[in-house]
Structure formats: C-alpha cells, structure tokens
Ligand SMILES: Nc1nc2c(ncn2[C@@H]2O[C@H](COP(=O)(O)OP(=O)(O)OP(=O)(O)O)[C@@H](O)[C@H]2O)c(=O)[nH]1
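We begin with a single chain expressed as structure tokens, specifically the form predicted alone.
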Amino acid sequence: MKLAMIGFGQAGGKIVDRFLEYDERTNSGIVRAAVAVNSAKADLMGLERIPQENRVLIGQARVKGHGVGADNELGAEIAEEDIDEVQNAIDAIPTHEVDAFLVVAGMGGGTGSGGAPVLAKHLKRIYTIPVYGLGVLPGTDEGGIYTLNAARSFQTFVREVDNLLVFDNDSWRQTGESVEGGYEKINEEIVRRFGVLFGAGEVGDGEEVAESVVDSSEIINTLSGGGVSTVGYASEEVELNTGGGLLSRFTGDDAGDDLDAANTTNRITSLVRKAALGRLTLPCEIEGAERALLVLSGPSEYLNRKGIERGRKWLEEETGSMEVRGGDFPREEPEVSAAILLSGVTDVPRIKRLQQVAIEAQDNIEDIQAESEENLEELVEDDEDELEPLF
C-alpha cells in the first residue's frame, strides 16, 4: 500500500521519519511522500529523513516557532489559520500514485492533538482517496494535561478520519526506562507492526509474488466503515545454516531438510493466536471487531497456505466477524511474522477511561468558569460598596 504520510507535531514527525528509515532498510516502498508539520522549529530541525522542503512551520505569527506548550486548542487554531501553507507542501504529492493519506500524531501534546484532526477534515474535503489517522495515546504517568488533550483529541480525530489506528504508550512503556529511550523503542514497535501491514502486496522487480496476495484494496476494505483499529503482531526467527539453506526454529526441523507441512501449519496457527491475544497496539477484547485482516510474512517456503487459512478461520471464530481477510507477504527476512489488523473494535477500556476523563473535565471546566464568574461579580460589588464618590 502506497501512502502519503503527514507527521503532525513532534511525535508525528519522528514516527514518519522512522517509517522512511524502515522503507530504506526493507525496500518496502510504503511511503510515497512524507511531510512534517509543526509549530516548533527545533522539532522540525531534528528530523533526519523528511526532505527540508516538506517540513512546514506553522503558527509563526503567534508562537514564533517555539511551539504551543501543550495547548491543543491553540494547536487547532493555528492549524486552521495556516492550512494553506500545509496544502502547499501537499500539492507536490503525486496523489494519483497514492492509495491513502496517513496523518500521524501524538494525541497528548498541543500541535499534533489539536492540528491533526483539522488537517484530516481538510484532506477529506478535497481528496477522494481515504484519509486515515495514526494516533499515539500518552502514558498516564505523563501528566493530567496530556491525558485531557488525548481525551479531547480522540473524540475529534476519530470523527474526521476514515479510520483511526491507535497505539497506546501506556501499554508499552517499561518501568525504569528513560523517556527518550522509551519513545525510541515505542516508535520502532509502531513502525514494525504497521510496516508489515502496509507493506503487504508491494512487490518490487525480481521479488516473489504472494500465493494469496494482500493488496491495498484488502486493507482499504478492512478499514472501511470507520471507527478505531488496533494491530497485533508476533514473530519467530528463522536461521541460516552452514550449508546455505534455512534451518528453522519455526518448524523445529533439526535436519534442515524438507519442511514438515503439518508442523508448519500448526506453528502458523500458533503465531496467529499469539499475535491476536498478545499485546495489541491498543489493548482491547477482540470479540466484536467488525473486520479483520491477517498478513503472514517471511521466506516463502515457510508461508503455508493451509496454515494461513486455518489462522483466518480461527480469527473469524474469535472475533465473530464474517469479514476476515488473509494472505501472505513473501520477504527475505530472517523471521516469520503475523500481523493482524482489527478494525471497528468497541470493547476498549482505555478509550472508555479517556471518554470519562473528557466528561469530568468538561464538568469541571463549567464549574470553574461558573465559580470564576461568581467571584468576579462579588469582587465588583465589593469594590462598588467600598468606593467613595469623588464629588
């Protein structure tokens, strides 16, 4: 699947930068164009791979290149005011060669959480190709303002995109890990999972064609209908033996001879279960997911069609969905991996907590405003009582 990626804010820009590095390393050809948008000049300067001409600084008249300080309302305002500057960079994208837009943003900060929904709405109004969001939720230990920003941004972002793919930092940060080191690992996890998913079906010259192709239309159909999506992932290594053939822990074949088809089928099924029931990008109950897509990738000799079909049927039973697609993605990587896209998930505890935060915050804001107005009125009345006439 060929994407035009737009990173909005600091986290969004870094993730798109990492996708470009993944493209170079794996020759996957996912990113057809990359743009970074930010209100902080330093964040744009810190990017390594996004072309200079595709780095857009917004809000210069109001924040002078210093960012919005986690104020996502201000982030939304400057995005609306400077949307033409963003559009100028997008105009250079050959949209006829792109399957979809992917707007990437951290949902806890100010620029990305405020501006990404504004951009998504703008893109949907102008273009006919799908506009997807990739939103990263902040950890609960990052502070109340970031949780509140995420609660507000989520409600708007999910409404403005054709589907919102979510990654929850709360489930991936490790205890005692430095903030910078933690984010580096998280960004790598994001790119690995979505890289396998979006890379399926993109075949270069001289590369093997999948037995059961997963192309961009399969991904688009799985994401159709809107809502929230999560991705599961699991992998097992395959090793090169000294004779030049593949010796695989995946099949358990110590001799390294012909692969045992029955064993390979069982191992693929086990890998699918591990991907679906393990750590998802957004933890949730998979039962009730509206649609699902299974992609098995790795050396073609390990991609057993019977195993993929069995894994797909297992997903149907677990989710209760009749729209479960599946296929293989041959890659000369030293591992076999299963990536599962679950679209239209509803039983998501983290989102329910965020929505509750938004409701409570709104109530608190109204109470605080009412109290402030009442205090102001009392202050004015007291001043009037104390003031003596001048004449």
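Keep in mind the model is a prediction, meaning the values are calculated, not measured. Heads up: residue numbers just count along the shown sequence, starting at 1.
This protein has a second form, the form predicted in complex with this ligand, left out of what is shown; the following refers to that one.
Looking at this ligand in the predicted bound form, residues S39, G108 and I186 each place a heavy atom within 4.5 Å of it. Only one of P334, P349, G69, P51 lies close to this ligand in the predicted bound form, with a heavy atom inside 4.5 Å, and it is G69. Checking E77, E218, E142, E301 for any heavy atom within 4.5 Å of this ligand in the predicted bound form turns up a single hit: E142. For L296, no non-hydrogen atom is located within 4.5 Å of this ligand in the predicted bound form, even though that partner is not displayed. Among residues of the shown chain, T230 is not one whose heavy atoms approach this ligand to within 4.5 Å in the predicted bound form.
Although the partner is absent here, N169 lies within 4.5 Å of this ligand in the predicted bound form, judged by heavy atoms. Residue contact check for V136: one or more of its heavy atoms lie within 4.5 Å of this ligand in the predicted bound form. Checking 338 to 346, 325 to 333, 23 to 31, 60 to 68 against this ligand in the predicted bound form, the stretch whose residues place heavy atoms within 4.5 Å of it is 60 to 68.
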